[in-house]
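One chain is shown next in structure tokens, namely the form predicted on its own.
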């Protein structure tokens, strides 16, 4: 990782003890990220950043707080430990605060495989530039203008505490996003993978250019309720908004749409959702912000809400075992599932289109805002490829719509699912999701851009 986390931890412990504190936790995060950005069919920026951060959290009785630094010499470590202790002593006690976690990962070799690739971490600006040039060429050949990013990098997290936890994880990640712009239309595609070799930037560029071409001279369609085919990115953009509610703390605080709905059938029979850090389409550490191993959860089973995430404190209050989904302490959110896998079906997008007499095909959504937290109603807009489907074929591009849609209703009206894939959308996170054919999706107005 370029630094020695055990040396850092040793300095943290010695400093804490010299201040009369025995219970302390340290989280070391390391990131080495590089980004190539392009617009107007030319690369205009290449940046790289290497960061290492230390966060220290003492526990003194029923008090805890944290402090962070990127100064990792002896003086910097001493200063941040002393600062964290001083803040903790001034913090109001939390009667529900638990002692430090003493859960250790039973077998450190049982980590998700194939998530750390040297060739991705070591990719050079020249290598990214050559790939970007090929992708731009695809868009230029369609007489369009390309813009987007290509990023590669490596990140890691190490968590220690004085109760014996020692949890380590590192992974690489590559992301490619491209927007193809014509005079009155646009197309978009994006993908991410732990191994850059699993990305196809040229294929993504070709797809974006094809969408821009197919949506030229867009027609204006009256708003209303339509059968909609949401590509996986659009499913992520909208369905991804609800999973912070699958939290014991959120339910206890009365801010979850699952309040008084656990065990009920909220969605359609064809909707099953897991949280699974081990899924091959997922990424991220297999332990939570206190070092507790993540468990696989069945959040929704054939439409019925089954399980939620528990951090250690929420689990203790409920008298259950933690699920390994807690955020670093202290925090107000508690916990949430972070490795969402929405089970798919066997109907391709092409077959969804072919089976639709009249409907709308949506590439992605953006500018999404919550309207009703309990009914999970959201508003937002389509963008970068919205199409009219008539008689089982795409017949025209459409002006973009604003929608006003309940997620509960949407996931009760799913008529078909594609195979699930790792999806990247407007949001900064990824999840595994299928495309969905949904009836009676509510478009409220045509946008002017």
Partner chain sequence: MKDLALRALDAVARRGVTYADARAIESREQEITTKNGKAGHVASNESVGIGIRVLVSGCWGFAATDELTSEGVEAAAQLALEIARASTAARKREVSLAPEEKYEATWVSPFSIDPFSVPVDQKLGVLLAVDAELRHTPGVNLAEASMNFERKRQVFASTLGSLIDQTRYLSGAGFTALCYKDGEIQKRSYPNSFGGQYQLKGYELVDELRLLENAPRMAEEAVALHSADQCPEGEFDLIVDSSQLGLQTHESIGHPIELDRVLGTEANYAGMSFLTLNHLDRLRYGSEIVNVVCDARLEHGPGLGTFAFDDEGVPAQGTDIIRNGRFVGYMTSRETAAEVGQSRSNGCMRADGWGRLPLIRMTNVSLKPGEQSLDEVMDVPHGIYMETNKSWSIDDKRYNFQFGCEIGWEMRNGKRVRMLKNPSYSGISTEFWNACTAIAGPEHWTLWGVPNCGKGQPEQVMGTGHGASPSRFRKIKVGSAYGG
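Quantities reported herein were computed from a predicted structural model and do not represent experimental measurements. Residue numbers count along the first chain shown, from 1.
Keep in mind the form predicted in complex with its partner chain is missing from the figure; the text below concerns it.
Looking at its partner chain in the predicted complex, residues 156, 308 and 347 place no heavy atom within 4.5 Å of it. Although the partner is absent here, residue 255 lies within 4.5 Å of its partner chain in the predicted complex, judged by heavy atoms. In the predicted complex, its partner chain stays beyond 4.5 Å of every heavy atom belonging to residue 278. Among heavy atoms of residue 207, none comes within 4.5 Å of its partner chain in the predicted complex. Although the partner is absent here, residue 243 lies well away from its partner chain in the predicted complex, with no heavy atom inside 4.5 Å. Remark: of stretches 120-128, 351-359, 318-326, 284-292, the one touching its partner chain in the predicted complex is 120-128 (heavy atom within 4.5 Å).
Taking a 4.5 Å heavy atom cutoff to its partner chain in the predicted complex, the contact residue among 220, 260, 102, 198 is 260. For the candidate set 421, 39, 407, 388, a heavy atom within 4.5 Å of its partner chain in the predicted complex is found for exactly one residue, namely 39. In the predicted complex, the residues of 28-63 lying within 4.5 Å of its partner chain by at least one heavy atom are, in order, 35, 37, 39, 40, 41, 42, 43, 44, 45, 46, 47, 48, 49, 50, 51, 52, 53.
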